[in-house]
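For this one, two forms of the same chain are given in structure tokens, first as structure 1 and then as structure 2.
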Structure 1
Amino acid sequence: MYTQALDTLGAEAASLGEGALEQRFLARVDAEEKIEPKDWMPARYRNTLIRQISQHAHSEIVGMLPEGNWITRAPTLKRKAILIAKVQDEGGHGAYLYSAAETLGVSRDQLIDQLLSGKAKYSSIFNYPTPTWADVGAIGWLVDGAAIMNQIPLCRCSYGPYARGMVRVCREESFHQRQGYDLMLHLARGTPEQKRMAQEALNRWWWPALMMFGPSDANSTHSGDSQRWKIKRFSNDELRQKFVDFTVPQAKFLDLSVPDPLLRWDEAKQMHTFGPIDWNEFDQVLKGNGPCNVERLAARRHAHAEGQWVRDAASAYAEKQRQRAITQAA
């Protein structure tokens, strides 16, 4: 079926020419039509999407690790069940994001190889450690909260499979965000030790969460095309501002302090102003020098290597079954 689709594209491309095809593509994007896997699309659009969707998928998979850490130590059975379900959801997001990327002509195996070889990136936020139970809450509240800000506009992304996948992802993420906040609320209203635990987790995650929106607009390399193609609808700084305005009152409600002495409400602008982000830290984590980069990748590589015999056995069994079916049919 895929081969047939390619043939059709070939004939179309030959009759229209690249320039005309791109014009038609842009007109469709402007008209808010969805681009579907079999439609003609510029190679740069395809590559941008593969990069973005696979990075997103990798982030979900690596993101299972810092929280997965706490499944065996969750303090109540209810919290344990919530956490297992949450980490499982992240894995599920990974699975359908890989599927969305596959509609663009790459295989999940290729993408996973890129992750394990260190060629592909994933969200730097998961290179920070989760030393206490409160970090699980802070991830849900702040990291999933920031992810939602980034991802809600993606539900209207021009590429159909990605946009549709994101609808479900966003619903689940917003559930996770509320669960994370509920966890923090229990700590913040708990014993002094619990409250301190919550405050320290907020201190650890606040700035990395702000960095999740990417470099400031002045330094963002990928934004121009993505906005033209309606993959991205808001700039990094716009989304970051939205997140700060949304989250600061939540921290107040928890009676926790945001670790930014320059944070102010600007009455005239009706928004918060906040202190400078340490972009050096951001660059270092991106380059692989964050606290847990090595560990996270090592854990993924270890799981993959240890699972090789299992995947080999499954393939061998599938092949035997195929042969048996042929023998039976004959």
Structure 2
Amino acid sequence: MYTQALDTLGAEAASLGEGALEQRFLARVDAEEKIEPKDWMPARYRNTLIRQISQHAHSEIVGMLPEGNWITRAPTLKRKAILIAKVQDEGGHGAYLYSAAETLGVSRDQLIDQLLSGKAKYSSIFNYPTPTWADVGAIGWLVDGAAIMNQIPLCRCSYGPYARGMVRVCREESFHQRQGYDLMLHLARGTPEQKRMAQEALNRWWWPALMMFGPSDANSTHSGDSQRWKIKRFSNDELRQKFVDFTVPQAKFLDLSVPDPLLRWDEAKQMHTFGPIDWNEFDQVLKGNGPCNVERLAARRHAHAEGQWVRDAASAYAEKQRQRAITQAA
């Protein structure tokens, strides 16, 4: 495990000052070299990565809940199988990301404790309810679509374990986005009631999906350092604009209306302009006052408690194997 052998200084680094080390680090980042777990890195870079990767991991795990709620109620066996596969993928993504965070010297237990205590954040989008089957489609189309827009550049992140983990995550998220759009397409071309259900789901998820990219660049706390260190390649507003430009034509193909009366195509700029985002709502959800904040954390705490016997059994088995190895070596 990387966390057992982190080399944050090393013989060569010990002879250099902090300023020289950081200059060498920045030169490597600028040269598009990957920073690996044993390489020297600034504490701020390490802490930024821990914060971002852990929030990403928490989001994948909590993100299983809104759709997992619909597994037993999926309308067909095919849709049930697709949804089970998708929710399973999200759990796997969380595991990959926790592993990547562990290479930075933080334990998985610490990260999970931070989530369960409410100290750590996860994506605000998962604090919204899924009242109809169409919400499953809207999440796949819009939420996973926004995730792909945000995550594909992370495949070129300067930190090696995160970048490599994101390659598989993005491939699977592409499947999630396609299944969501396929579901919306079937609803939009179905009965009037099904189309209405699809439209209402789009109305519910459009603005929260735009908030997924984070605060506007003017109010983003961490974007500057993240872009300088090439953890992020694009700003929040750039990614949000790409998402809008990519998604609006898809909505038109579905014959659904984006719930923004100010949405326009700007011919001169070759992009869509759109109305103001309600950042007060975003702030309230982040503070724990969203529609499902309490419910989501309660579900995770319950699942963690229910799984204690599995962790205890695994630890007991590992200790038994260790003792057996010692006996055999004696």
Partner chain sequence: MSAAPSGAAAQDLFRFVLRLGDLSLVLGQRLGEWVGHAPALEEDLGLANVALDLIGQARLLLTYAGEIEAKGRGEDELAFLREHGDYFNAVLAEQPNGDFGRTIVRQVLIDAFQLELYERMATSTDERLAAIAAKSVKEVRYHLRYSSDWLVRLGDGTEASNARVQAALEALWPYTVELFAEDELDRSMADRGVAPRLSDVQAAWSARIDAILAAATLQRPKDRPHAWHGKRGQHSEHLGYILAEMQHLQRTYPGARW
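The shown structure was predicted, so the numbers you read here are calculated from the model rather than taken from an experiment. For residue numbers, the reference is structure 1: its sequence is counted from 1. Here, rigid core means the biggest group of C-alpha atoms that superpose within 1.5 Å across both forms.
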Answer check: the form predicted alone matches structure 2
Superposed on rigid core, Ala325 CA travels between structures 1 and 2 a distance in Å of 4.9
Here the CA of Ala313, compared between structures 1 and 2 on the core, is shifted in angstrom by 3.3
